[in-house]
Ligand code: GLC
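As structure tokens, one chain now follows by itself in the form predicted alone.
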Amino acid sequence: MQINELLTNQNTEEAAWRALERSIIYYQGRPVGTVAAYDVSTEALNYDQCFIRDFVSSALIFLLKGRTDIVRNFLEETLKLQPKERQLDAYKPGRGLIPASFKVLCDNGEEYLEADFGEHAIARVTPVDSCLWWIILLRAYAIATKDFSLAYQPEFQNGIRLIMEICLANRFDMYPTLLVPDGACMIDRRMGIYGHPLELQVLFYAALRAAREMLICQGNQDIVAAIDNRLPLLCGHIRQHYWIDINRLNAIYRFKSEEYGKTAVNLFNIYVDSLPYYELDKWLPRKGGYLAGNVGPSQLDTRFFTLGNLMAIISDLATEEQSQAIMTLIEERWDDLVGDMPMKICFPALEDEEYRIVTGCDPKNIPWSYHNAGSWPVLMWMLAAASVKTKRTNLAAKAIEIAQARLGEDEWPEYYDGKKGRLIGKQARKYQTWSITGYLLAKELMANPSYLRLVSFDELPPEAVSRACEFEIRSVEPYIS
């Protein structure tokens, strides 16, 4: 199917727009967000709430269609839910957090918003990504409207500052990355991503870039200086230590362990026998590569995590060469990463004893389901954005064609199961809003590549990255292709 034919397929698109309209949440007569899913066939649980991460793709679609009021209302109301006072109570959300979700409640005829910072979530994990997505979305709103006045309002400046204070605070860590618990992002259940997971590092980088553009320096000089210091360090660290291709794998394969001092090459003391290097040797294309899922003390998680890799391309965290290598990997390993429904949240799945130990025998995260290598249609918009960014739009067109043939007929499920994504997720909600908007946004990005500017950045000056990471680059230089 030609791209032009693909973009003019009206039936599925019209059904998607109708479903999106039905998902809109109203508060005091104003639209303020969208529900996670509008599936009347099953118990709502928390799917009748507006999740910050889920709303991002809805918000971007609304911005592209000129419906900026919904996004502005969302940003204003969620900012009001942000705690502004310091809390020493261990069971209260910390100052500056943005909630995972909110819902509209009514008491004696009075409407109010109730926020969930993780108090009601499975495993009671507070999200880290909500704050980061909120800043990214605020910048997207400013760019779409060509008006930064909302971001410049004192309450928004304070909101950005409070988020940055959380992210840039003194901590028990020596890396430029964010140390976070398991379950603190899109993968919101135990999946062995504790530490410094790629998804949150990439969102952290994008949020730092967005905050740097929006913060007024007067009164925020310390935060601005901290951002300017952290950005090149974070960028160099991810590009250097998370990158895996066949040359890098060769270097890691020959690592020595238990090295001490400034001359150490194996900086994280990775034990080679902990890596599936023979499987990686077969799976990695000669010209392909990707960013690892996690790096830390004696830890190199070699799973491919889709959101982190695609957002690294979109946000210009990955270099041009790395971006092309990631897209080459997706193309060469299409059956593994895309299959019959774009696309896998991660690859490969945790199986057997590893599944039982890492997930705690989570029945929803059985192998090739849900967060354990399930297929998520929402990731389609990020694939489209990365395809536009790298000028590999044939890949996105192929993915949209695959999804278009099934999504509407399957009633827009949250995720798909199986190695090829052929089965509708066993516990997946139907009419999942971000599955709907992931499809719509992918088509919009393909039809008008200029829309990419809402979520993309210019590359950091190479000299800034090289200066900031001079020691690290010098210490590993002999092992880098």
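Nothing here was measured: the structure is a model prediction, and the numbers come from that model. Sequential numbering from 1, following the sequence displayed.
If you look for the form predicted in complex with this ligand, you will not find it shown, but the lines that follow are about it.
Proximity to this ligand in the predicted bound form holds for all of Ala36, Tyr370 and Trp376, with the criterion being a heavy atom within 4.5 Å. Stretch-level contact check against this ligand in the predicted bound form with heavy atoms at 4.5 Å: of 417 to 425, 23 to 31, 43 to 51, 66 to 74, the positive one is 43 to 51. Not displayed here, this ligand is kept clear of Asp316 by more than 4.5 Å at the level of heavy atoms in the predicted bound form. At least one heavy atom of Met186 is located within 4.5 Å of this ligand in the predicted bound form. This ligand in the predicted bound form is approached by Trp434, whose closest heavy atom lies within 4.5 angstroms of it.
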